[in-house]
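Next up: a single chain in structure tokens, the form predicted on its own.
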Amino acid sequence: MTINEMKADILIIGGGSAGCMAAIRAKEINPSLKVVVFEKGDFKRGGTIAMGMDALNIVSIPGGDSPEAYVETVGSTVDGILDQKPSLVMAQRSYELMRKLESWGARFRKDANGNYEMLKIHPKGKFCAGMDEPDLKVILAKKAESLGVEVVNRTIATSLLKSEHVVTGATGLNLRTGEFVVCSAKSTIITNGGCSRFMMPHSGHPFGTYDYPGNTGDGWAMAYRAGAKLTGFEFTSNAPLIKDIACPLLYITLTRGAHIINGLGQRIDNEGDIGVHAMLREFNEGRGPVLIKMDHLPEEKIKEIEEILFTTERPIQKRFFEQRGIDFRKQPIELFPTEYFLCGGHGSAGLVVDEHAATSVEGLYAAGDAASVPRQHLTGAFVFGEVAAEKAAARAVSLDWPCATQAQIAAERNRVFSPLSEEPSPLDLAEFEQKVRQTAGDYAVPPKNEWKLKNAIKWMTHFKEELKALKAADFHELAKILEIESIIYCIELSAIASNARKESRWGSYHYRSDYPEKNDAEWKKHIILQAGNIPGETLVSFQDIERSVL
């Protein structure tokens, strides 16, 4: 249990898409900056994409649909709960970002005339650029490492360091060696995703989640304890994906001519256009399952779909479909709703940030799924990774090195290692996590009502007390306890936000049976969460929507 004390101009917590791009951009701006990345997994494959990607979801091509048009269309998809400036900045920088990725070797699909393949997945306009890059994550990691970024792998961040009201770095635990890492930093960027392990998946497999199962809300829990504001936690997301494997397939196939049918054999897509909520409604109203039908497509289209799926998006799908005897030319593909989860990329949950990626706490920035920029997807992770790095770098060059006090280090070290014991744990860690997440599925997800939400809050308070009794036999189990703690925080905060929003919004994502109607007059605003001065207290406030663009 050694202590590794280090310093950084910029500390990045999370080495996924946003973290990689932030590290690269910081070094591009100033190669002399010391940039350190804490990555829970391995930097080369860490994060949600892990491998490659079939599309860059949001790109405003010059001469095509404008950034302002994107702001309008994304605003409609999130029922108006959108600060417009960040989304505008993202769209304005998207084309330059795509060209940068191309210069690093990432391949984007083009037609015979050299024009980018643009797919329609938004209500208005075409903003989705087709990509064919199976090694995107490796490209990013190698680029960052070639610039001299220092990566601390297999390290879960445990707490933010503060000097009065300013964040001055973070602590971490190496989940294999038990090394306690203390990094004092002039600027800190949180990029370690949302909370995928929220409720249990329908499969019952705790790691069989749609999003990266290593995303357990660690960054949110740390930032909340440090006084940062959170928002969008009532936006509990799910999506219809391939049954039993929870992999994407919808827009890859639908944009290439596939049809969507329900369990009655009725076609439910509208000439190549369908929303997630329309499909979820089929399940909720008893007309499921929902299936993707491709037997009418020409062979070249089916081969194109197979090429994307089996090399770029999820290569494991090839074996999955082969073992089930499914041929796209003959059988439809069954979809099923995923578990509910919290995410700033596919949803709205995350740290409150402005168009400069700054949080409400000085010295702390956030990007990617950890930040609340609704429906930002991969483009948002890349763009705001860069934006956060630019602001963090400018701040770092004007400051002296901060120093964490020995009292801070000792207190956090004692907190982190206190469960480590040769005594057996009174509760099995896996069973305890399942119990927590099953309770989230019982009380904290749609359909919601006040009784269920208050019970979710009550149970999470109870689980926090039970957590104190857990014992860890090794450092891996110690990290698991830290993850479970973050999951409990996220479930509790989601229930608090959901109870505060006394209306229904975002289709089935926040449906309250006791307030079944959407109420723009009273609730077209943000629900803001922040830690109170009393231990265990969460302050709830409301913030108007920023509409400066449109």
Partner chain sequence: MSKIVDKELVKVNKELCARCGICIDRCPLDCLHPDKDGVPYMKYKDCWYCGVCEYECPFNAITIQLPYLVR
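Numbering follows the first chain given and starts at 1. What you see is a predicted model, and the numbers here were worked out from it, not measured in a lab.
What follows is about the form predicted in complex with the partner chain, which we do not show.
Chemist: Though only this chain appears here, would residue 320 touch the partner chain in the predicted bound form if you measure heavy atom gaps against 4.5 Å?
Modeler: Yes - in the predicted bound form, heavy atoms of residue 320 and the partner chain come within 4.5 Å of each other.
Chemist: Should residue 209 be counted as a contact of the partner chain in the predicted bound form, where contact means heavy atoms within 4.5 Å?
Modeler: Contact check for residue 209: yes, within 4.5 Å of the partner chain in the predicted bound form.
Chemist: With the partner left out of view, is residue 48 within 4.5 angstroms of the partner chain in the predicted bound form by any non-hydrogen atom?
Modeler: Residue-level check for residue 48: yes, a contact with the partner chain.
Chemist: Do residue 205 and the partner chain come within 4.5 Å of each other in the predicted bound form, heavy atoms counted?
Modeler: Output for residue 205 is yes: heavy atoms within 4.5 Å of the partner chain.
Chemist: In the predicted bound form, which of the listed residues (162, 301, 314, 93) lies with a heavy atom within 4.5 Å of the partner chain?
Modeler: Of 162, 301, 314, 93, the residue with a heavy atom within 4.5 Å of the partner chain in the predicted bound form is 314.
Chemist: Tell me, out of 172, 240, 214, 86, which residue has a non-hydrogen atom within 4.5 angstroms of the partner chain in the predicted bound form.
Modeler: The residue from 172, 240, 214, 86 that makes the contact is 214.
Chemist: Please determine whether each residue of 135, 245 and 480 possesses a non-hydrogen atom within 4.5 angstroms of the partner chain in the predicted bound form.
Modeler: Every residue of the candidate spot has a heavy atom within 4.5 Å of the partner chain in the predicted bound form.
Chemist: Only one of these stretches, 519-527, 50-58, 499-507, 65-73, has heavy atoms within 4.5 Å of the partner chain in the predicted bound form; which one is it?
Modeler: In short, 50-58.
Chemist: With the partner chain taken in the predicted bound form, which residues across 145-162 come within 4.5 angstroms through any non-hydrogen atom?
Modeler: The stretch 145-162, when checked against the partner chain in the predicted bound form, contributes only 154 at the 4.5 Å heavy-atom cut-off.
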